[in-house]
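Here we start with a single chain on its own, the form predicted on its own, put down as structure tokens.
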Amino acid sequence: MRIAFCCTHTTAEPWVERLRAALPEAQIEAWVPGAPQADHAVVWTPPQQFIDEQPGLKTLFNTGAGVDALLRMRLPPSMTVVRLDDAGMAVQMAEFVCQALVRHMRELDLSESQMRQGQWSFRRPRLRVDFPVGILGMGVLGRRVAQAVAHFEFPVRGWSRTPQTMPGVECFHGPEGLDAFLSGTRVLVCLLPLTPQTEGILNRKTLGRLLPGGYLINVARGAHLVDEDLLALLDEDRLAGATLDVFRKEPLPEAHPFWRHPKLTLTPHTSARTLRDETIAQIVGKIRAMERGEPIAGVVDRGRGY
């Protein structure tokens, strides 16, 4: 069995060494142009040349949960794409969303600003019941975030493409359930996969349906958000603010107005990072299961886009 490693902007040697240790029966090499045909590949944003030179690949194992970049490439129909189920990302995402949520609800930005100005003052406590949190996308990451938010006793709502149930979460689904989901949500957390159907879903119409003083936390993909619509709603005081971890162009261009807007908290796509050892263990387990003819989780439905 031959495995190719092709992850751009990643130092290959530590990954290849650990893959070899975990899968000693395989021949594992970092890809270079002209390399021999491999059976499987571990990838992150590979160049099209890699795909074109490896037409016999059985499986692409993506080292992240989002596969939108891969699905925009020319992939042979027979090639299976497999995404990460979790590999340590879900708990990171839950941590990130909870800190953004609590920071907003408890007005900690304002408190810190006043303290820097030498002001010692208190804000009237705000109630969790007044800040229903809506999780847009109830996959592995969304469900873990919903569980963490519920632990802090916020009301939690969830929206998914198809019906789901989860204890303690008011669930909505499908286009017909989106309006009701949004209209009862004050803090909206986007955890959707990026597909043609979800691109631009965070726009004036949808964000404008949130409860007064709505707040957005986007940790999915920058292309979910219509930047100009968010800025307009902030300037009109239709939204109280937003925490953005992802952007249409990354790094965020220096001239982008997001940098200077006082109601925005920005982070550099760091809400959930790939953890190497957990990722390798998951991929190796899936390769071995496939070689035994067993089904695996995380196989991407190209028609749905995730």
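Note that the structure is a prediction, hence the values are computed from the model and not measured. All residue numbers are counted from 1 along the displayed sequence.
This protein has a second form, the form predicted together with a small molecule, left out of what is shown; the following refers to that one.
Peer 1: My question is simply whether V189 lines the interface with the small molecule in the predicted complex - judged by any non-hydrogen atom within 4.5 Å.
Peer 2: No, V189 stays farther than 4.5 Å from the small molecule in the predicted complex.
Peer 1: Considering non-hydrogen atoms and a 4.5 Å limit, does the small molecule approach V246 in the predicted complex?
Peer 2: Yes, contact at 4.5 Å.
Peer 1: Please tell me whether any heavy atom belonging to V97 falls inside 4.5 Å of a heavy atom of the small molecule, as the geometry stands in the predicted complex.
Peer 2: No - in the predicted complex, heavy atoms of V97 and the small molecule never come within 4.5 Å of each other.
Peer 1: Report whether the minimum heavy atom distance between G213 and the small molecule in the predicted complex is within 4.5 Å.
Peer 2: Looking in the predicted complex, residue contacts with the small molecule do not include G213, since no heavy atom lies within 4.5 Å.
Peer 1: Can you tell me which of 72-80, 149-157, 196-204, 121-129 lies within 4.5 Å of the small molecule in the predicted complex, counting heavy atoms only?
Peer 2: Looking at the other structure, the answer is 196-204.
Peer 1: All three of M89, M138 and G142 touching the small molecule in the predicted complex at 4.5 Å, heavy atom to heavy atom?
Peer 2: Answer is yes for this spot.
Peer 1: May I ask you to choose, among A272, A38, L60, I51, the residue with a heavy atom within 4.5 Å of the small molecule in the predicted complex?
Peer 2: Among A272, A38, L60, I51, a heavy atom within 4.5 Å of the small molecule in the predicted complex occurs only for A272.
Peer 1: Exactly one of M105, M93, L225, V169 has a non-hydrogen atom within 4.5 Å of the small molecule in the predicted complex; which residue is it?
Peer 2: Exactly one listed residue reaches within 4.5 Å, namely M93.
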